[in-house]
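Take a look at this one chain, the form predicted alone, written out in structure tokens.
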Amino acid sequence: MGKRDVQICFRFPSGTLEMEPPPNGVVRTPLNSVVVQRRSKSKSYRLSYRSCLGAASRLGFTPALTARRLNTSRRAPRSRNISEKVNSEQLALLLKTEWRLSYVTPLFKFRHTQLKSYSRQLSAFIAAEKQQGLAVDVEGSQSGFRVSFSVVQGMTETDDDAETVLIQIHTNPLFARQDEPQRSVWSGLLTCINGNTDYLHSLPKDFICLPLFGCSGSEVLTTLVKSWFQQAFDCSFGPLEISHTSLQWLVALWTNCHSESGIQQLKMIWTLPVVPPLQITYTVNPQDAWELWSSVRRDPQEENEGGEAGTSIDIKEVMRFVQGLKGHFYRHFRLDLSSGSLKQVSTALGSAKYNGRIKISNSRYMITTLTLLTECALLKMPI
């Protein structure tokens, strides 16, 4: 038998927004499960990173981040009109694209002032690889590729963040008219939003940290771009999954935005470890999700002890919120989602998948999402 797929969409009945614990004998997800996971992986990350860098790398080991875990508290999302600062064409590309994520180690002697030179160098590199017989043709396109690097100004949050860099590869459409513009066949993004200050200050002088890499387009072109970066800037790339815990953070962060920018729906995809595998699509009415989220938020008087009310979100609130969603699901269908894993979450603000694909649909909360992903990328690097 193949994989089973169940889709469920419902509203919470009135008066049932309180959280119910699963009955005795039902497995629950411990609050500290992510702690155990990070500790168990840190050694393997360190070994894999050492093998990627090799003995000749210029980047020595800086004070380790492997002892750190995903932040247990973060700022509540704030609506920001970045369209006033970010170029409209660049912003449109950032929003319409589903990005495949990777992490990238610090770049040696990367200079934002040399982007035109990098454009020529990468174009020449792709042409040289094609001459050597590598199949880099894109369907419906002619053979020539033009690369452009550009700075996306207006997205940095701190003085320590390096400016975001956008990479595009263009080509002429097949049978194109002479005056027809080239079309973009590949896009890439290098960014650092609210990067960890201690780590950024620990880097040697000649290194720039843009740890979050996103790409969209041909896998062959992605491989070529990464290869060129590795040769030019002595860096390494690795896959960046969006973990179960990070997806739960996005569930909470995006739901928190509902009062200002309606999320339309909260859609989650869970997988349960049964035979055959069971995939559940769980869609929640946005107002019900908002009311449940509001009910698990900390008491303002309690929050005032550490700062202004409503300015931060704690992991315990996230876990209570997700546990409340699980409890409602169990009440109706007698299936405990705690035994499974969250694989995808989507709202009107964006969608994120465990396999490292992200699409941001609302520019006002882009910074919040990229801050979380930057943190994930830095934590994946064992340095």
Partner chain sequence: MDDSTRRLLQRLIRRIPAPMLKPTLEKWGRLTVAQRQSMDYTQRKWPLTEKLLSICEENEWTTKHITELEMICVIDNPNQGMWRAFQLMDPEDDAHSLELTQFKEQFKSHLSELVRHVSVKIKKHTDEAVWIRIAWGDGFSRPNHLKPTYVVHHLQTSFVFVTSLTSKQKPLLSQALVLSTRHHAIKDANLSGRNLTAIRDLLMRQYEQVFPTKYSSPLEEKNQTPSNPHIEREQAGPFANRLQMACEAFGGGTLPQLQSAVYKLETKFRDQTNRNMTEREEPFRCVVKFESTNLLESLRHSASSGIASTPVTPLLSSIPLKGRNYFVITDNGPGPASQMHPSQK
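Source: prediction; values computed, not measured. Residue numbers count along the first chain shown, from 1.
As for the form predicted together with the partner chain, it is not shown, yet the points below apply to it.
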Exercise. May I ask whether V284, S295 and L325 each come within 4.5 Å of the partner chain in the model of the complex, counting any non-hydrogen atom?
Key: yes
Practice problem: Using heavy atoms only and a 4.5 Å cut-off, determine which of S123, S102, Q279, T156 is in contact with the partner chain in the model of the complex. | Solution: Q279
Quiz item: At the 4.5 Å heavy atom threshold, is D336 in contact with the partner chain in the model of the complex?
Solution: yes
Quiz item: E291 near the partner chain in the model of the complex, any heavy atom under 4.5 Å?
Solution: yes
Self-check item: Proximity of L95 to the partner chain in the model of the complex, heavy atoms at 4.5 Å
Solution: no
Quiz item: Could you tell me if A127 has a non-hydrogen atom within 4.5 Å of the partner chain in the model of the complex?
Solution: no
Exercise. Specify the contacting stretch among 269 to 277, 190 to 198, 147 to 155, 249 to 257, defined as having any heavy atom within 4.5 Å of the partner chain in the model of the complex.
Key: 269 to 277
